[in-house]
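This document opens with one chain alone, in structure tokens, the form predicted on its own.
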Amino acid sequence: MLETPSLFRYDSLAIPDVNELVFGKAPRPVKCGFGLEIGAGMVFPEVNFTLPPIGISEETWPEILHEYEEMATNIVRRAVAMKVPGVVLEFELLPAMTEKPEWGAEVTTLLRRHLAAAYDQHKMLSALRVTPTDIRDQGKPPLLREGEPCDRLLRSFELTIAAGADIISVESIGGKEVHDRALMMGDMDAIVFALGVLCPADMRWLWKRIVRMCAQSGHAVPGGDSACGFANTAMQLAHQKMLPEVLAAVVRAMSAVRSLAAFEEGAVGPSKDCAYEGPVIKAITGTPISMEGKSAACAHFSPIGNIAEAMCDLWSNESVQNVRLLSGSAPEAFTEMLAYDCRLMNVASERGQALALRDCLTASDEWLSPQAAVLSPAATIAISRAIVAEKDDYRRTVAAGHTAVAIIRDGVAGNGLALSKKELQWLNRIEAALDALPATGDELEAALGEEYHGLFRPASYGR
């Protein structure tokens, strides 16, 4: 039986004025954890950390727990020393910790214990974000709505919420089986089909369940998803010169539609740090967002290290391994770096200089890369308006793509955005492909080649 689709669609912007789209301030702040309110005027660090290279097994589990004890101790100690007004810890489960949900829950309990102690002893406001790994892609084609991997993922949400997670997120993978091939082939039809048809269908199915579990808990909030496996994959492939930057930029804009679906199902933020589509989510929904940029260089490189900070409510380092540096452990060092960045943003807000700092962060990146150009506050408003003007996910995705192309063209024409001849040829090709798309997602599906039809199970998307 097909599931009834969501009847709620955003049709206007919560932040229509570009001068209101700024770091630390969201129309719909989120209260969670130990007294923390996100988006109410201050930016807080969100520290993300992970294990050094180590196998995860029953034999190594005591050592793994020791690693998390050490990381939590060091992060909290540095946050207290830096006198941060609040902090979020993000625990991203490694695949084995979702495969065995009890392991993820055990680490969740450990981390929450450290935050509770910091609140009791130092009155440090905090929250714990927990992000299970989407392990549903184990079959080919993936079986997304049933089967053992799906059951374990849902069980992981349940157990980590019960163990004390304050914010629940995930980097869902529905549609990735089509998008990966389409991206490597530069096939805009299949890219749009994945992002505009398959991804939102899976998002709505999955987030209905996450929102319900959070509501039943009475304490956890459904944070948001991330197009990491889609737009960030494109960004990294572009960095390696394996595909055009303009394609990565257009994919970035279009990916916002699939992430918006979580909020139309009841997610309230803060969105996931690696969701660079976050500014669009904030403009449309008014919910707070987490972002990462220059302080995420420990995890990956990007052309958007400053501009990503311009509209954030949490500022993250993406993820760093628990290794020793000259100063101390890497998670502890990155806690300090994030704390200093947040101090600067918060002082700018206190002195009425938030827009000036936002605009400097934007200008330092905006026209050096098409991927930065589509992330400016002005570009965010333009893409957001295009999305809410359409009534279904497919047309929204196409509209976001068209708007991204227009932003890039304007940058080349009037703002000094330098594109190579090959990049300009790709921009023309992308625009022509978007112009030629059929009116509906069903028509597009019918026009796809057999190599794509064999990659996904229609039943996994309610089709």
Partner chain sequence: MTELKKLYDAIVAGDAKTSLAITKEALAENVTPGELVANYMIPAMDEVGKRFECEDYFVPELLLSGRAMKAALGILRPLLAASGAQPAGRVIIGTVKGDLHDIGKNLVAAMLEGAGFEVTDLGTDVSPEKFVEAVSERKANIVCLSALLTVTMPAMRTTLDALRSAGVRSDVKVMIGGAPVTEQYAREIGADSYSENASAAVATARRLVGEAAHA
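Numbering follows the first chain given and starts at 1. Owing to the predicted nature of the structure, the values given are computational and were not obtained by experimental measurement.
This next part talks about the form predicted together with the partner chain, which is not shown.
- Remark: of stretches 124-132, 108-116, 181-189, 386-394, the one touching the partner chain in the predicted bound form is 181-189 (heavy atom within 4.5 Å).
- Distance criterion of 4.5 Å from any heavy atom to the partner chain in the predicted bound form singles out L243 from the list A382, I284, L243, I168.
- Using a 4.5 Å cut-off to the partner chain in the predicted bound form, not one of D313, N415 and D442 places a heavy atom inside that distance.
- The partner chain in the predicted bound form is approached by E423, whose closest heavy atom lies within 4.5 angstroms of it.
- At a distance threshold of 4.5 angstroms between non-hydrogen atoms, G55 is in contact with the partner chain in the predicted bound form.
- The partner chain in the predicted bound form is approached by Q138, whose closest heavy atom lies within 4.5 angstroms of it.
- Remark: A162 does not count among the residues lining the partner chain in the predicted bound form, judged by a heavy atom distance of 4.5 Å or less.
- Contact annotation for 91-126: residues with any non-hydrogen atom within 4.5 angstroms of the partner chain in the predicted bound form are L94, P95, listed in sequence order.
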